[in-house]
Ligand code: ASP
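Only one chain comes next, encoded as structure tokens, the form predicted on its own.
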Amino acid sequence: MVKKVLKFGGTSVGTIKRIQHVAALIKKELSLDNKIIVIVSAMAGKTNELIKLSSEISDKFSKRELDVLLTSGEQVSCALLSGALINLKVKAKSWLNWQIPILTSGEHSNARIINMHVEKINEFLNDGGVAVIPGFQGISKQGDITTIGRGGSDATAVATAKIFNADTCEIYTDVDGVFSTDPNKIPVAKKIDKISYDEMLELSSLGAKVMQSSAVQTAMIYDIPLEVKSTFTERKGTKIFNQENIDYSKSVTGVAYSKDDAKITITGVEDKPGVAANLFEPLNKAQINVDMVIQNISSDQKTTDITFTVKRDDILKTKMILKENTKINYKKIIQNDKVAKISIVGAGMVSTPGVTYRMFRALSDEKINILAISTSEIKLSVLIEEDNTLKAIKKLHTTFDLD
């Protein structure tokens, strides 16, 4: 008997017909003598609809009340799926975050799961039942409903697999698995059969939308086997394993892109020790994530230009903090929010010479200018003008034999 956590995303439960299809799939898994815990997202588009409603009330809508509002989406999915299972003569029950409870810590809209009560659900599983749990949410020690960030249902699934000692965690979505790049943009993208946690973590953090990066990180820490597969086909998905499964023979596994970034350049900054720390400290305190950083060498040893990237949503907040920062002197702030981050990821990059050159040459051949660069052992990212995104992805995909 295998204990499985099955997570179904918003598109998988987007309509009543799809919910009924998911219920039939779960019934089939149960018939194989498996113990099943199901994690569901809100129906596709529902979370955005609820956010829109809150913004019509106020552009400074209470974070506490927003969490209460947004978690209602998963409650609907839980009830509908449980009802569909019961209709198929399957013993099923929905459990809301406070009924389990799913305990969280941290602030509203950005909490993290720290524990769950397992006894009641395990009893239900042992009695042949299917437990349906809402993703994306929990309850704080103060009794407040909390959410764990967009895409948080993946994190709920992995945390559930860990806490309930599940044998496997399967992420069901509307694609057949993890692809070498976005198959909607590049039709020749290939499905990856196996990928390491490290590579998947890089791809998800760099813009690949298949899995939430924090969920991959949790799975990697606790060595929880993951599989990403389609709700709508019976094809094999992508298995995500530990370091031992890395394929070092291939230099690049995938190409990811993100259009969520903005570039900020501060010109004429005084060139002396501590300036960078004074510049980025208040951004850190405001929880603004700074990614790529470039500091030009000053020819006069007096002033320099510092360029860095932040998320587009944070650009106004970042500029306000910079203008209020009395610890730094500069000439002006230049912003560019029409940029894209293009990344190649692969475990084999460590042992394959010439990868950096091939990437830069490929972009040069397409007359694409590089605005910033960042690297790790298995990743190389560049910032380019947003208009060149598709052209860059196509060229890199071909250059590294991923078509």
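We number the residues from 1 along the sequence you see. Quantities reported herein were computed from a predicted structural model and do not represent experimental measurements.
Another form exists, predicted in complex with aspartic acid; not displayed. Remarks below refer to it.
When aspartic acid is considered in the model of the complex, V38 lies well away from it, no heavy atom lying within 4.5 Å. Contact check for G151: a heavy atom falls within 4.5 Å of aspartic acid in the model of the complex. When aspartic acid is considered in the model of the complex, E74 lines it closely, a heavy atom lying within 4.5 Å. Shown alone here, I342 lies farther than 4.5 Å from aspartic acid in the model of the complex, counting heavy atoms only. Residues with any non-hydrogen atom within 4.5 angstroms of aspartic acid in the model of the complex fall in just one of 304-312, 214-222, 84-92, 143-151: 143-151.
When contacts are defined as a non-hydrogen atom within 4.5 Å, all of A42, T47 and F136 contact aspartic acid in the model of the complex.
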